[in-house]
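The chain below stands alone, shown as structure tokens; this is the form predicted alone.
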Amino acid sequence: MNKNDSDVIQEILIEENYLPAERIEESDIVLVNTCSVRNHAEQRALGYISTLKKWREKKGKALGVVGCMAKRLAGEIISKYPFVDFILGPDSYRKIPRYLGSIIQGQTKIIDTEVGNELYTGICRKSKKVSDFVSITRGCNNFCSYCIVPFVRGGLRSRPVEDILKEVNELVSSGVKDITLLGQNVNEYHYQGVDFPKLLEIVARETGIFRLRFLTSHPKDFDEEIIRVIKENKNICEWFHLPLQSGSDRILRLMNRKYSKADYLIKIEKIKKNIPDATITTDIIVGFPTETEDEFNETIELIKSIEFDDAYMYRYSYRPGTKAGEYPSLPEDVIKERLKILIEIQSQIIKKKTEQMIGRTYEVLFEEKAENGTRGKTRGNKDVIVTQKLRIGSVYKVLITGVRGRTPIGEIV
């Protein structure tokens, strides 16, 4: 989502005759787009901002901090980093050109972190990439107890269908072949009678997109209608990212996830029954406050049972203002050890699943050059490398002949 927001900001500036700089040293303006989902992301952003002090001291420069962390920590940023010129929340990007004029002329400071109903409609980006993102919603209404997003990005808003189609068509015409529809929970999309499965079907059938994906589905809202649409439209990829977060029903209730372990397993079984070759990936949070050893082991057993193709695994990150922030935290050494165990087990599953690809043929869309070859992605979002130097954007059938680390290596058929 931040990558997509950065592209939106760039398009807003280009429309006002600003040009992207290749290097920081060449730029007059630097914007640091930030994330607040985890503390680690915030600390990295703050560290990077501190490195820009000398650059900002040069005449005619302007430094902005934007995004979710800017919304959450505006006061702290302006106090600790007085060389920052403006701080903008996720709904204030259209104002950047106007604010830049005021800053450059008057050397003023601006803070604008008001959350509203912004959807950034009417901004149709061109792209030089093979794969790109299109936001279909902004904000979130779910208030998972560990999550800061509803506080910094506001409530859920759905983007007009016509605007989504216009952007997808613009990206397709500029050469994009793989588009991911984005939302904190795409399943809650609803605009003038069009729900998410219907939107997915409309985009698949009314644009020339070669491959279509979506992120992220909340398990509580995921249903068989989405599976049906994917089965009936060959340009929608058979890749499901369905965040589990925990295998313990008690922890899921504390997380305010609104589904049980049994509910989740039913949805996984429906995917596997209807689309046997589907790729299923997930998110897991380890060390959630009050998580017991037995509850952690429930998560491990569920992961072993489902055998996800990949997983994004995180240690719980305390977020001030969230409900989970009120619960007693686990000791750091316990959290780190559990994460280590989880990563080791999931890595073995990934190794096993990747080795199972050997001898099979996959359609691969090649996205970028790799060391001694070209890297591409399968429909299931799995990276594949071939030794040939291929044209970026080309599509080939690839026979997987081996595995290097976690990456399948193949030959053009």
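Nothing here was measured: the structure is a model prediction, and the numbers come from that model. Counting begins at 1, following the sequence as shown.
What comes next is about the form predicted together with a small molecule, which does not appear here.
How about Ile285 - does it come within 4.5 Å of the small molecule in the model of the complex, if we only consider non-hydrogen atoms?
The answer is yes: Ile285 has a heavy atom within 4.5 Å of the small molecule.
In the model of the complex, does Cys147 come within 4.5 Å of the small molecule, counting heavy atoms only?
Yes, Cys147 sits close enough to the small molecule in the model of the complex that at least one of its heavy atoms falls within 4.5 Å.
In the model of the complex, does Pro243 have a heavy atom within 4.5 Å of the small molecule?
It does: once the small molecule is placed as it appears in the model of the complex, Pro243 has a heavy atom within 4.5 Å of it.
Quick one: does Arg38 come within 4.5 Å of the small molecule in the model of the complex, counting heavy atoms only?
Contact with the small molecule, yes.
Quick one: of Arg159, Lys261, Arg319, Arg72, which gets a non-hydrogen atom within 4.5 angstroms of the small molecule in the model of the complex?
None of the others qualify; the residue that does is Arg319.
Within 4.5 Å of the small molecule in the model of the complex, heavy atoms considered, which of Lys177, Arg257, Lys267, Arg338?
By the 4.5 Å criterion, the partner-contacting residue is Arg257.
Of 139-147, 203-211, 330-338, 226-234, which is the one stretch near the small molecule in the model of the complex, taking non-hydrogen atoms within 4.5 angstroms as near?
Only one stretch passes the 4.5 Å heavy-atom test: 139-147.
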